[in-house]
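First, one chain by itself: the form predicted on its own, in structure tokens.
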Amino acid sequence: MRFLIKFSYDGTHYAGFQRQKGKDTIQERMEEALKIVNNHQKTPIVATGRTDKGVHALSQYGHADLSVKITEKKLKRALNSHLPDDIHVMETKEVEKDFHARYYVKKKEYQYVLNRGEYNPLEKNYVFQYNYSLNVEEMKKAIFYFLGEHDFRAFATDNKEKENCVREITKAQIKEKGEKLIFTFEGTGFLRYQVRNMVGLLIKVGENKIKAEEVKSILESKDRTKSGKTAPACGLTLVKVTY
């Protein structure tokens, strides 16, 4: 039986989603719980994609194959009973055997939250405490250049010449909520660190270090060294996955 599992997590204390030797990861915790439920058989989970160290997920998905007969409700309850309280299964659904959690994704939505106001220690793991003013109007002009289909090689941390770095972004916007800036990116898929690298460049625009229109030439350059610093992981959350 193949199940699609919808889950959320606080990534603060994990070394990212993907299993890594000697490190605590979301994948390892999920697979430990699945193994217990599946009569102690090794049970891999295939997620929509990886999130990096310190990145959160409000709505992540993965599929897993179980040999035991179990209802959707019981599987949800059983998994949550074996997971730490910073990982939570929201829903489980039996799917066809050929369903694939990664390849069937139509689009993903990420949000990045930045605080321009006074440092807030209670939000330090979820909101980037930038704590300075920014030229938001210029940033809103700059984010427009990310819309559409582009080669995002300039914003990919793993800059491999032969790798396909073409992605399509269907939504790119900045909203102000008090002293917070909420960046939203929706697209067919994202490269490693892509969202954080784009936010990093937008901050540079907001600092008046480069003009908004320069984003276009940096994007077209396909040169990672031109796009600046990577924004911290704490402000990034995978908020929605659409099948």
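In this text, residue numbers run from 1 along the sequence as written. Everything numeric in this text was worked out from a predicted model, so none of it was measured.
Same protein, other form: the form predicted in complex with a further copy of the same chain, not shown, and the subject of what follows.
Among heavy atoms of Asp151, none comes within 4.5 Å of a further copy of the same chain in the model of the complex. Contact annotation for Arg196: none of its heavy atoms lies within 4.5 Å of a further copy of the same chain in the model of the complex.
At the 4.5 Å threshold, heavy atoms of Val46 stay clear of a further copy of the same chain in the model of the complex, well away from it. Using a 4.5 angstroms limit between non-hydrogen atoms, Asn120 touches a further copy of the same chain in the model of the complex. Put simply, of Met139, Val89, Ile169, Ala101 only one has a heavy atom within 4.5 Å of a further copy of the same chain in the model of the complex, and it is Val89. Out of the listed residues Lys93, Lys124, Arg77, Arg116, Lys124 is the one that sits within 4.5 Å of a further copy of the same chain in the model of the complex by at least one heavy atom. With the partner left out here, a further copy of the same chain still marks one of 184 to 192, 213 to 221, 54 to 62, 30 to 38 in the model of the complex; by a 4.5 Å heavy atom cut-off that stretch is 54 to 62.
In sequence order, Ser8, Tyr9, Asp10 are the residues of 4 to 32 having a heavy atom within 4.5 Å of a further copy of the same chain in the model of the complex; the partner itself is omitted from this view.
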